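Next up is one chain by itself, shown in structure tokens, the form predicted on its own.
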């Protein structure tokens, strides 16, 4: 018995509950569904909801909390001297117990005890699974009994089902909102811990980024440098190059597809162009590292320029290619939404098609285009894989696109790779960078949505 089989069993019981509710509705209708308050399918949905929803909720809660409960029981069964261990060592011990339960090899002085605890862990898991099965099946049986008692000809099944659906939608909305709030608060709290150790002015205006903290106080570089200006500069440099590539190409392609291309050509070009949006960013990173960066380096050497093997130019060019569908799709939709009457009025005054596009359509669609560009900038700022593979990890404060630079997102990934202590400035710096990145992208998104809203209010 495992939770996967239980889930599929609950799905099957849900189907059977639907059939049962519908059959029960027919049985109480005295041969005519006109006697029913709702459609038979509504009664089926009502019975299905009572049968499986409580059990599924229990299953989800159990999956989230059972491991923690089992670990707490194991901790209570440990010898007193082990229960008094620090939290970090206790966590490592529980991790070894879990590995022993999975049959993995373990090492240490307490191998025999850990293996015994691993067996106990498996016993608790089995007992937990059995209890879960019993409770879920009991809830299903209770739901069926409730449905059998309440499904009558005049029962408002449709109203009850709609209330349940509305409640489910509200719950999903609250989960999304609470998740967002939790992410923001976690980043803020960890950033506060960082700024208690590193001054805010040093972080925002420092010109050197070297977050490597030494293990010993007498070690060279025992105090890291946390000036984030090189990261901000590298992010702006690569994003700027990407937008120089993406905005003209994306805008011009959208103008062609919206104003010049025939329906047949548009039906071919638009899906082909948007294929770029479906390519994983790691593939773009490989393309940048193995093709674009060597070409730029060889071309620069042919001109007598010193070009790094990993450069901001290579990352920016490939990132711009990746963002082209983003700019093109939004601009195409905005240009196509310009009222036809404005085009016809311009043609009636004797303007050519190119003059109409330049003097009428583009100014009318400009707010929406600007909003799309701002959203594309947010996308460029948050990109990581291309920069890691094509621009490197060097935090250089430079405006030369031929040199290696790094960005905020790359440093966040670098700082959080591997086992880290979440009380050192090195690790907490990732949360401070994430907070700055969050505020910047939030500001850009607010500006973009405000601009797009003004456009929609004007023409809708």
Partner chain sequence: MDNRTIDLMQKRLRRRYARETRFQWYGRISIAIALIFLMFLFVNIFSKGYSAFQQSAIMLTVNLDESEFPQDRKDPGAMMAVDYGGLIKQSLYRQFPEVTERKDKRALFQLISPGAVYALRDQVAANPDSIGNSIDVWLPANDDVDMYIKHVADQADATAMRLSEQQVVWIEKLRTDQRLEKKFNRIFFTSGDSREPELAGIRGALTGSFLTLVVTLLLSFPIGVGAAIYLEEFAPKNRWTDLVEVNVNNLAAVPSIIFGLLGLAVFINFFGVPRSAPLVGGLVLTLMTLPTIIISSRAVIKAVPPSIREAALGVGASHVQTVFSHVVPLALPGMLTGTIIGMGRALGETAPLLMIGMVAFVVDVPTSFTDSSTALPVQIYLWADSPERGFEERTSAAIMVLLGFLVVMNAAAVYLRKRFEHKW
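Numbering follows the first chain given and starts at 1. Rigid core: the largest C-alpha set superposing within 1.5 Å between the two forms. All of these numbers come straight from a predicted model, not from anything done at the bench.
Keep in mind that the form predicted together with its partner chain is missing from the display, and what follows is about it.
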query	finding
Candidate stretches 407-415, 394-402, 49-57, 22-30 - the one whose heavy atoms come within 4.5 Å of its partner chain in the predicted bound form	407-415
In the predicted bound form, residue 228 touching its partner chain (heavy atom, 4.5 Å)	no
In the predicted bound form, residue 173 touching its partner chain (heavy atom, 4.5 Å)	yes
Contact flag, residue 150 vs its partner chain in the predicted bound form, heavy atom cut 4.5 Å	no
Touches its partner chain in the predicted bound form: residue 166 (any heavy atom, 4.5 Å)	yes
Every residue of 186, 249 and 279 near its partner chain in the predicted bound form, heavy atom within 4.5 Å	yes
The single option of 343, 155, 379, 297 touching its partner chain in the predicted bound form, heavy atom within 4.5 Å	379
Residue among 195, 286, 205, 146 with a heavy atom within 4.5 Å of its partner chain in the predicted bound form	286
Residues in 338-365 with any heavy atom within 4.5 Å of its partner chain in the predicted bound form	350, 351, 352, 353, 354, 355, 357, 358
C-alpha of residue 430 off by 2 Å or more between this form and the one not shown on rigid core	no
Core-superposed comparison between this form and the one not shown, residue 259 Cα displacement 2 Å or beyond	no
Threshold 2 Å Cα movement between this form and the one not shown at residue 358, rigid core reference	no
